[in-house]
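Given as structure tokens, the chain that follows is alone and in the form predicted alone.
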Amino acid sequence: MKITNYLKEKSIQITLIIFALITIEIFLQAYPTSKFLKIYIPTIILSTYLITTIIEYTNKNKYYKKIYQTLNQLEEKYLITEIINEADFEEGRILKEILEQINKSMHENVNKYKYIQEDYKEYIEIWIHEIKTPLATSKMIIENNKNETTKSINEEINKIENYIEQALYYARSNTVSKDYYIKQTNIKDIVNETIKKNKTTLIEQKISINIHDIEKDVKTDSKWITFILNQIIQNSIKYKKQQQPQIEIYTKQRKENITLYIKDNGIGIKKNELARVFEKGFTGTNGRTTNKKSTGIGLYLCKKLCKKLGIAIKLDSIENKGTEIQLIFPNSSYIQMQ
């Protein structure tokens, strides 16, 4: 609160005080009054006004300065109304009441949209579970009528199932804390489940799998990690090399963590695009120039879910040589929820 701005606000009062002092002085001059009174009366009036103005400015400046300092220290600025003290002047009390009303209104609106979001999320989850039934039925029909046409249809259904799974986990990604269940899990079980899900595609694409040293236990949610690993494997399949494609999966035990490595010898990623691979919607050159129709959601979801579960994810790639992804599980059972 600048003193110059404060005095500008008081300009009308100051003008009126000066006018009053001049008027009083004129009246005092018109009557036989001692010189002392002619000086004392205007001086005491002016001094009283100045002292009350200085005290008022000091109190207001101290109050508003404290609010600014508190506000700058807060990450969630809207909490300011719950922290600031009651002012000892009327303007401050009015301001606090206004802020409290605004805060109340904001919470009501947030809760309203939160309810709408939850309702939409619930609808998406119900729809996803419902759509799985006709897809499963279609796969059964294909199984009983195998030919080149149904084989192609089955490949497209597998893609649909993957996109549906992405949609489900995307809808749940902001509420991992409600859906996750941390327990001792063997990495081998997670890897085997993921390979099983992609077995048909891996065989058809003639991709060799080299799995070793994965008998390690970690504390995590097997359902969420299986999804993350499946997205990584799907990318390795999507961006494979034409000749002798392969995927290697293994772990390394360290003092602080256990790292799961997923390496492929695919087409890789350009160096200048590596920093953006986890961005939402980023498809890169491969996603645009190949016929893969990338959505840019898979790796974004992997990063988001890993962060929620307290797992680090790293990616390194060399164009035309392959890609390596690391999932780093801390040995501590501590899970940092975001």
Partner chain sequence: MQKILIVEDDEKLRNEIEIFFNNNGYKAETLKTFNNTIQDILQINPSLILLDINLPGADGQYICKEIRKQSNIPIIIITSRNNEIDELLSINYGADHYITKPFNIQILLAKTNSILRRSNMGKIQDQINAKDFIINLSNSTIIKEGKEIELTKNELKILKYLTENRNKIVPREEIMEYLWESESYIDDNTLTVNITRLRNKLEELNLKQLLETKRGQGYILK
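Numbering follows the first chain given and starts at 1. Keep in mind the model is a prediction, meaning the values are calculated, not measured.
What comes next is about the form predicted in complex with its partner chain, which is not displayed.
No residue of the trio K263, L305 and I318 has any heavy atom within 4.5 Å of its partner chain in the predicted complex. Of the heavy atoms in Y169, some are within 4.5 Å of its partner chain in the predicted complex. Of the heavy atoms in K104, none are within 4.5 Å of its partner chain in the predicted complex. By the criterion of a heavy atom within 4.5 Å, F89 is excluded from the residues contacting its partner chain in the predicted complex.
Among heavy atoms of N144, some come within 4.5 Å of its partner chain in the predicted complex. Here is the short version: of V110, I209, L79, I116, the single residue with a heavy atom within 4.5 Å of its partner chain in the predicted complex is I209. Among the residues L202, I258, L95, I84, the one placing a heavy atom within 4.5 Å of its partner chain in the predicted complex is L202. Of the stretches 116-124, 190-198, 96-104, 70-78, only 190-198 has residues with a heavy atom within 4.5 Å of its partner chain in the predicted complex. Scanning 111-148 for heavy atoms within 4.5 Å of its partner chain in the predicted complex gives H129, K132, T133, L135, A136, T137, K139, M140, I141, E143, N144, K146 in sequence order.
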